[in-house]
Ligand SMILES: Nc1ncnc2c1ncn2[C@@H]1O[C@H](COP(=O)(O)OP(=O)(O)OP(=O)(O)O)[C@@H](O)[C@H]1O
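This document opens with one chain alone, in structure tokens, the form predicted on its own.
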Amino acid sequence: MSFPSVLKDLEEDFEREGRLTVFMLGATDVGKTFTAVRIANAFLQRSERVAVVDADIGQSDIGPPCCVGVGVLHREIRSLREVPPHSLFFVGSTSPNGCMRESILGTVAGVRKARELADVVIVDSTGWVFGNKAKMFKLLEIGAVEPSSVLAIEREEGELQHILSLLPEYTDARICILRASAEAKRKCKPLRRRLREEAFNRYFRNARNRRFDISLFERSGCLPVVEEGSLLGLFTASQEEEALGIGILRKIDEKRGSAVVLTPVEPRAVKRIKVGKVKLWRSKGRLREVFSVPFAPALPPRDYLR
């Protein structure tokens, strides 16, 4: 299909239902984000309310990496980076591999929020589509989101057939297939990592060291590693899905029972802290991604800290 044909189908779906949720499906660097921008602008030109759910947690444009970001368009854009984040949903990793449940829950929560804000919702997803584990993740993610349309972008004909052939078992959404533009360029892993680091540095540009009580750290099941550099999600309440923002653990003060966290978030509103799997370290004045942190016991018992 051509882009005008895809857009016509989406407009017909919107006219029929009065609402539209488009899920962007495709491998990395096939032009999902570029196409999402084109669709968003097209509906904005019709004076429709448009929101984008940036669920590409490794290459986030709306909000920092490791979060699902929700943004509402108020003008035509050239890049999703121009859309200010309205809401953030913390996943804690740069890849859904190893945190599929958190990724799906974050995306679903983001879509739920976006549907409160707009009639047209576009979900820009990760490019993890190859392999049995990725296939199951995408099927579960799409089934949970319940989109009205799935726009599959393929670099080569049939490359998403392993997912598309099973989609009718998970959703009754319209499936549109679009060939990737020859102008879509592949990014090497070092470049993708560098772009993530730039996004982290933008987010933490005006952050300050703030102190939080250690009792705010979430503890359920296996205790997470909490060491200097660990990425943290900051929340208002124990059951709150939406995050206030993120932080980086600087140190744990066992004597005072507190933690020093680098974050732009005001500490008074924070009631719960969740530990992510990414570690950031400052080198030559800039934050660098070190590695992903496995989950294992690390925090001392609360009684020990008191």
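For clarity, every value in this text was computed on a predicted model and none was experimentally measured. The first residue of the sequence shown is number 1, and the count goes up from there.
If you look for the form predicted in complex with the ligand, you will not find it shown, but the lines that follow are about it.
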- Item | Site test, Gly31, Lys187 and Arg192 vs the ligand in the model of the complex, non-hydrogen atom cutoff 4.5 Å | yes
- For the chain seen here without its partner, which of 251-259, 23-31, 274-282, 42-50 has a heavy atom within 4.5 Å of the ligand in the model of the complex? 23-31
- Query: Of the residues Ser181, Asn209, Asn97, Thr236, which one places a heavy atom within 4.5 Å of the ligand in the model of the complex?
  - Reply: Ser181
- Query: If you look in the model of the complex, which residues in 53-75 sit within 4.5 Å of the ligand (heavy atoms)?
  - Reply: Asp56, Gln59
